[in-house]
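In the form predicted on its own, a lone chain appears below as structure tokens.
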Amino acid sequence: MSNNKPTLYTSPSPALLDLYDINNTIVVIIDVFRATSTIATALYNGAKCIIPVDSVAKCIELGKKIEAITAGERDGKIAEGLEYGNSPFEYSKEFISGKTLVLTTTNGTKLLHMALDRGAGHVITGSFPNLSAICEYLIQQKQPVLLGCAAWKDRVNMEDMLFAGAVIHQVKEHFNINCDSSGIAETLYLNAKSDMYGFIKDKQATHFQRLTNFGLEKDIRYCLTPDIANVLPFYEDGKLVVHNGQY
């Protein structure tokens, strides 16, 4: 029976993406701190769509052209020339509802464009705030899956692997998983799940330290909270929109 199940792999870093065949594959872009958490939040709060771009210059140019909100960060801080940053708390319903957001981030939007360039079947974005929507969709689709961790400048990071592990733990009965990085991710999650904030703090996760140095503990806690912005961001026609299909 197991041979009838689709495959699931985990890429711990964008630098490893070319090791995987992602044609006809659902690629889940994972950038927990903070791009994909912020994408889920903005769409959950009514954003019309989010246009992910891979450079600050493109973000500024497109924002002017279509009169959209331009936002993004480099190295955890609002990028020069942009109006807003990458904190989910910036995108309340009152602010973002009905608006278009053009977003660029250090790692997540870069990986999304890499996946598209390599012929991904289709792309969705995942984070703890929309964990259940991701898992339900992957189970329902019955297609091969790649969990793509955005990492930090190609270096593996803990929080993205934790999220990959959380997904694997929920969906593994529905997939063929013959992939050590998936096993590592699930093991990490099972060790951390009772207190993920405490776990990554205790393990001195590098991105945790980076954001803490900017006083962003509240963002970190939010980004580790399951199902508080439980929508499915789906990439089509150059933008991320809420997928309204039945799970």
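All figures in this text were calculated on a predicted structure; none of them were measured in a lab. Counting begins at 1, following the sequence as shown.
The same protein also exists as the form predicted in complex with a further copy of the same chain; that form is not shown, yet it is the one meant from here on.
When contacts are judged by a 4.5 Å heavy atom cut-off, N45 does not count as touching a further copy of the same chain in the predicted bound form.
In the predicted bound form, at least one heavy atom of V156 sits within 4.5 Å of a heavy atom of a further copy of the same chain. a further copy of the same chain is not drawn, but in the predicted bound form it has a heavy atom within 4.5 Å of G183. Proximity of K203 to a further copy of the same chain in the predicted bound form falls within the 4.5 Å heavy atom cutoff. Heavy atoms within 4.5 Å of a further copy of the same chain in the predicted bound form are found in one stretch of 171-179, 69-77, 123-131, 93-101, which is 171-179. Contact annotation: of the candidates L188, L211, V56, I26, the single residue with a non-hydrogen atom within 4.5 angstroms of a further copy of the same chain in the predicted bound form is L188. Along 8-32, a non-hydrogen atom within 4.5 Å of a further copy of the same chain in the predicted bound form is carried by Y9, P12, S13, A15, L16, L19, Y20, in order along the sequence.
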